[in-house]
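Read the single chain below, which is given as structure tokens and is the form predicted on its own.
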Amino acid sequence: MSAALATAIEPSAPVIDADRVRMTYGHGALATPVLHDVSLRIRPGQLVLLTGPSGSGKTTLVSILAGLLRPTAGVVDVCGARITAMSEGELARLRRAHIGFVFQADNLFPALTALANVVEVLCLRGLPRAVAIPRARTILGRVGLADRLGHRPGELSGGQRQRVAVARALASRPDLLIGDEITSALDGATAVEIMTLVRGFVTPTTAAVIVTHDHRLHRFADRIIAMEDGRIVADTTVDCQEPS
């Protein structure tokens, strides 16, 4: 492998270390710059909100941090590994080992029940089914879906599907959680419940980066990073106001 995968995140080491990241879509006269020399460092124990208007580059940035897109230029280290130097196979192994995702499209398996959606992902990450099933039941209960375990995505509301997606990401106990508008389909009370769960996920050895337009989420954050026109324009440390 071109870069060794970290087996654990050192509390003193950043979970994310991105340096002068650029992203351009297209070539020549059709080239569209989306990110301009973006640098950021996120350490364990931080819940970071990434804010800004539509088109500011937020989703492109988190897709690069998740190893789903390759930047045009720049260096990105995630969980101790230089992902910009990795092959596709190495990136897939790093994602399975260290990263949980929740994006706007829930990406659930349509033919599987809520329970099976979580169980299958845990099994893909190497957990025995005997361990995966009770863990999946527990996390789905924590997001308020204990009575929907046997329902398929088509039988769930948009908010319920998003809760399954959040449960699936957290069930594997990743080092890094990346989310894109994870509360956009949820009512106020459910959004608070989900973010309370995400807040509880963040420990001295884990971190979360959440793209959001939802001002209700600001009270859960340790940092709020604002983007405009493909650049970071503000990076504010805040006192988390997580509800008791």
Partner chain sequence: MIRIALSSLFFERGKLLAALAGVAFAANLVLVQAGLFFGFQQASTSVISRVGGDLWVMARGTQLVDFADTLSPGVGDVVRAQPCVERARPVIFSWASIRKPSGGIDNVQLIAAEAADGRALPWSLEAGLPSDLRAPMRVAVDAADLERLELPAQAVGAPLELQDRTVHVGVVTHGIRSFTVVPYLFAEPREARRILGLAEGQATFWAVDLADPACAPAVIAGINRHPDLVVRPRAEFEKMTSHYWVIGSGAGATLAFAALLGLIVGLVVVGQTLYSLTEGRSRELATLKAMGASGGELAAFVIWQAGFLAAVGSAVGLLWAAGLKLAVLALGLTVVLDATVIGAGVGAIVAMCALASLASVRKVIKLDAARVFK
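Think of the rigid core as the biggest set of C-alphas that the two forms share within 1.5 Å after superposition. Residue numbers count along the first chain shown, from 1. Everything numeric in this text was worked out from a predicted model, so none of it was measured.
Below: the form predicted in complex with its partner chain, not depicted.
**Request:** Could you work out which of 124, 131, 75, 146 is the residue within 4.5 angstroms of its partner chain in the predicted complex, going by heavy atoms?
**Result:** Of the candidates 124, 131, 75, 146, 124 is the one lying within 4.5 Å of its partner chain in the predicted complex.
**Message:** Taking its partner chain in the predicted complex, would 63, 109 and 152 all count as contacting it (heavy atom within 4.5 Å)?
**Reply:** Checked in the predicted complex: all three residues contact its partner chain.
**Message:** Quick check on residue 214: any heavy atom within 4.5 Å of its partner chain in the predicted complex?
**Reply:** Because no heavy atom of residue 214 falls inside 4.5 Å of its partner chain in the predicted complex, the answer is no.
**Asked** So in the predicted complex, does residue 59 come within 4.5 Å of its partner chain, heavy atom to heavy atom?
**Response** Residue 59 belongs to the contact set for its partner chain.
**Asked** With the cut-off set at 4.5 Å between non-hydrogen atoms, does residue 96 touch its partner chain in the predicted complex?
**Response** Yes.
**Message:** I'd like to know if residue 85 sits close to its partner chain in the predicted complex, meaning any non-hydrogen atom pair within 4.5 angstroms.
**Reply:** Result no; residue 85 lies far from its partner chain in the predicted complex.
**Request:** Between 72-105 and its partner chain in the predicted complex, list the residues on our side with a heavy atom within 4.5 Å.
**Result:** The stretch touches the partner through 92, 95, 96, 101, 103, 105.
**Request:** Return yes or no for residue 98: a CA shift of at least 2 Å between this form and the one not shown, with the rigid core superposed?
**Result:** Comparing forms between this form and the one not shown, the residue 98 CA shifts below 2 Å.
**Message:** Does residue 75 shift between this form and the one not shown by 2 angstroms or more at the C-alpha, the core having been superposed?
**Reply:** Residue 75 C-alpha, core-superposed: shift of less than 2 Å.
**Message:** Once the core is aligned, does residue 107 move its Cα by at least 2 Å between this form and the one not shown?
**Reply:** Yes, because once the rigid core is superposed, the C-alpha of residue 107 moves 2 Å or more between this form and the one not shown.
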